[in-house]
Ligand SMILES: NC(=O)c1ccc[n+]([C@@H]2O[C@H](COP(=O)([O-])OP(=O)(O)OC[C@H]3O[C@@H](n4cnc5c(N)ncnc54)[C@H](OP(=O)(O)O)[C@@H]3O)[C@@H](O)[C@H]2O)c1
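The chain below stands alone and is given as structure tokens, in the form predicted on its own.
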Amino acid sequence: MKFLVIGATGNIGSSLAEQLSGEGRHVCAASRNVQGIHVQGALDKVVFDYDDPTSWITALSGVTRIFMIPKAGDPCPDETLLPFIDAAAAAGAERIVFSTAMGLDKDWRVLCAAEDHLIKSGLEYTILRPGWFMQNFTRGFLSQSVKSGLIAFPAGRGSRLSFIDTRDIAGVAKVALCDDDLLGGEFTLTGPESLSWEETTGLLSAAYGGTVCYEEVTEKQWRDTLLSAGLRPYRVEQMLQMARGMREGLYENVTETVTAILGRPAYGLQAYLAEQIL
């Protein structure tokens, strides 16, 4: 079997490629920036860009199993993901594990179309819907806010999130790619607890040895901040959509899926921060 891992410079993809290569699997790590792929173990590296279908040809050569994740901030993911699924099937791929987002049954309709297309494609499939990444606090879009001591966000003071470590997502993806038990499944993946922003900033404060606060702001304030930081308008609207999802409770439930599949508890935020910040 040859495994194609799309997004190998990202949090999930890099961990998955490392886990697969660590087992001696034939891994092809794919990214628009192959120089940015820093994965331990022997693997092939290939340039891959959803917006450039010519790059798909080399990436799909000889591949039997694929980990697929949407491009961050893609304004029209259905226009890239659907034809890629068709191209993968035509190239002889057998299985796709597709990572989308928690709450997709109630939101993010454009990604629902991609899920539905995969289900109807005739390929073996598993769909993973993870919650918010813990890595957002240490090297993602919230990392600078954490360092400044203030997370200003229109999430609603009463919202709760079941943050997940992306290494757990990668672990489940590896099982789905290598074994048959998860075939045809659609799994919501979360961490072990649902935290309020007050609880979350308390853990961040303790881990960093300072004070990290949460401040509720309006959508307009946050939109202006994001636009001033140079984000494209469609990406800003996507992030505002996520904030609305928080206020509606789309990301607060906790599942035992990670524990059931991996045979161990999911990583919690406190333990993750202790490991990352020390």
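The structure presented is a predicted model; accordingly, all values stated were derived computationally and were not measured. When you see a residue number, it is the position in the sequence shown, counting from 1.
Below: the form predicted together with the ligand, not depicted.
Stretch 25 to 33 is the answer when you ask which of 58 to 66, 206 to 214, 25 to 33, 219 to 227 has residues with heavy atoms within 4.5 Å of the ligand in the model of the complex. Residue contact check for Ala93: none of its heavy atoms lie within 4.5 Å of the ligand in the model of the complex. Residue contact with the ligand in the model of the complex: Thr100 places a heavy atom within 4.5 Å of it. Put simply, Cys76 is far from the ligand in the model of the complex: not one heavy atom of it is within 4.5 Å. Contact annotation: Thr257 falls outside 4.5 Å of the ligand in the model of the complex, judged by heavy atom distances.
Of the residues Glu248, Asp49, Asp44, Glu237, just one reaches the ligand in the model of the complex with a heavy atom at 4.5 Å or closer; this is Asp49. Along 121 to 153, these residues reach a heavy atom to within 4.5 Å of the ligand in the model of the complex: Pro130, Gly131, Trp132, Phe133, Asn136.
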